[in-house]
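There is one chain below, alone, in structure tokens, taken in the form predicted on its own.
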């Protein structure tokens, strides 16, 4: 998708607006499928990255299942065409209500605590179940994205395998799969390969498994000086090690992976309009735009870096700017001291690589409504979600059926 198309979308659909390129989504899917050569590889899309139904339907159409972390995500996956058998629910601190609702849908539960496993066995003896283990290895592009290791709240320590097996046997459960997830946004090959060794050691002790799920976390190079994840090297090495393990175990297990960010992040653009430019006595130039941290919280939350392009003046003089939003919070910045082509009021900026954890983490904070979402599929461009309005937000509030006297 070229910059001219983005400018056209900003003109037609106004700003702020999220734009998603379906061709880029397909490109990333193809890269993953080509990289993992093991014949029984299955991908589950981490729907939390972006739940836009048009994206999810495209990903499901390409053979992906769904990695869900809430009952609502399970239902969304089903509505977007995923078979229940291709959905796994990885609950964290799940309630009885969550457990029962997901079980009613028929999705497989991936359980990450001994107490929840005990409850699951009590309610559903004899059922299939997956266990999330903590490999005591964590990796990610920020400390808040690391989901393995001793400080992580996720998973059952692999050292507690016997406790897991005791509960499995007590309730005659069928342990069909084991799972781990070391974190999100990593770009190295070493960390996931080290974690693989640990989960394979656990798997070697369990007699009857159907699959091993290595989670997701595949990163993308947000910063210009970062290199792409060598997904071919990763895929080849994991496939080779996994095949060797299966030959020793004399059973061809299914290899599962749960990419989310890798598929949709680079397909996304957040288009914003410059509303204000001001310079302080120290020479710092603040550029205000018609969006904010309520629309894309990754920068203040994770100290994330997103490239920013001035679509309206791409060849202008390179100047350092602070790009800030319109939310009344001091942390409401998209970038600080960023070198960008000269910016003028009214210019359209594109905040890049925002297809993952952008709109999905947005809010209506300070009653600033969430942006529109636009899909680009080759020459076809269409609005997939209207911009919210205050009327729509307030319509969610219910009036009491009768007045209460004090």
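Only a predicted model underlies this, so the values are computations on that prediction, with no experimental measurement involved. Numbering follows the first chain given and starts at 1.
The next section is about a form of this same protein that is not shown, the form predicted in complex with a small molecule.
A.B. asks: Check residue 368 for me: does it contact the small molecule in the predicted complex (non-hydrogen atoms, 4.5 angstroms)?
C.D. replies: No, residue 368 sits far enough from the small molecule in the predicted complex that none of its heavy atoms falls within 4.5 Å.
A.B. asks: Does any part of residue 258 reach within 4.5 Å of the small molecule in the predicted complex? Heavy atoms only, please.
C.D. replies: So residue 258 counts as contacting the small molecule.
A.B. asks: May I ask you to check whether residue 298 falls inside a 4.5 Å heavy atom distance of the small molecule in the predicted complex?
C.D. replies: Within the cut-off, so yes.
A.B. asks: At 4.5 Å between heavy atoms, is residue 381 in contact with the small molecule in the predicted complex?
C.D. replies: So residue 381 does not count as contacting the small molecule.
A.B. asks: If the cut-off is 4.5 angstroms on heavy atoms, which of these, 242, 133, 218, 321, is the one near the small molecule in the predicted complex?
C.D. replies: For this set of options, the contacting one is 218.
A.B. asks: Could you tell me which stretch in 368-376, 342-350, 22-30, 44-52 has residues with non-hydrogen atoms within 4.5 Å of the small molecule in the predicted complex?
C.D. replies: In the other structure, the partner sits against 44-52.
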